[in-house]
Ligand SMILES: Nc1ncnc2c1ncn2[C@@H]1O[C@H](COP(=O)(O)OP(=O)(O)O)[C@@H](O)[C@H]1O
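Starting off, we have a lone chain in the form predicted on its own, written out as structure tokens.
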Amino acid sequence: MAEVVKFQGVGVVRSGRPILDGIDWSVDERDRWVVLGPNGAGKSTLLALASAQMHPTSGTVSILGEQLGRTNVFDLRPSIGLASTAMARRIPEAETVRDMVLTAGYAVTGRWNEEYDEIDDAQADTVLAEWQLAELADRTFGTLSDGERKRAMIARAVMTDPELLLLDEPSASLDLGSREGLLRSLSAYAASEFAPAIAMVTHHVEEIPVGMTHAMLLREGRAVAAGPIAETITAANLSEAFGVRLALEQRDGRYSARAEY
């Protein structure tokens, strides 16, 4: 299988503080990764590197065969789908859902003078339907609920048929019904033979969709464990990553965890 992400000894330092330290990571085209860890562990920074939004302080990052620092990231980014809260903040509140999905083709936020053809329009219609957004196509982004915004951001991320899909806490802040609906959609998408490599960040094992193949646990910028999900998502590894003794349960491909007192 083709390797789409490769981190070698990657470190990120900000204001003298290490955010990531010595990260080695390899993602193949059929991999579906989940990245977990407490607040401040470096999860979002990991995705910022993988999405070519920032460069490492040390080590090397290669995305789709291109090494950051030696390639034009503006040419690279359209091949990477990214859905994150930071990206959502850049979407104009008055942008329609259809237009915010369409503009992914140019890796811009906010429609301006770009030109789109019938193929682009057809692709947008298909994606909106797949993520249960067809009825919201003419609504403005600012009027959407949290759950609708999450779906819209994912639809935008997959609009260009990316070779790599990155999801930063896609089900955070959702109510139980909205979360379960989104996780069901993500599981179906991940199972498709046409889906790209996927890496998803979350704080909670309950938010891991069925079908994820690999996991990485981070704590204070370092990898506690990484590898096939069944070997990585264990009570011992989770306890080390989150700094509290945890009990773990797994049923039908879904996980739940609680503190042991």
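Remember, predicted model here, so these are calculated numbers, not experimental data. All residue numbers are counted from 1 along the displayed sequence.
The protein also exists as the form predicted together with this ligand; that form is not presented, and the subsequent description refers to it.
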* To do: Identify whether this ligand in the model of the complex is within 4.5 Å of every residue in the set Lys150, Pro170 and Leu174, based on non-hydrogen atoms.
  => no
* Asked: Taking the shortest heavy atom distance, is Pro56 within 4.5 Å of this ligand in the model of the complex?
  -> no
* Does Ala41 reach this ligand in the model of the complex, with heavy atoms at most 4.5 Å apart? -> yes
* Taking heavy atoms and a 4.5 Å cut-off, does Arg17 contact this ligand in the model of the complex? -> yes
* Counting only non-hydrogen atoms and a 4.5 angstroms cut-off, does Thr232 reach this ligand in the model of the complex? -> no
* Answer range among 63-71, 192-200, 205-213, 32-40 for contact with this ligand, defined in the model of the complex as heavy atoms within 4.5 Å -> 32-40
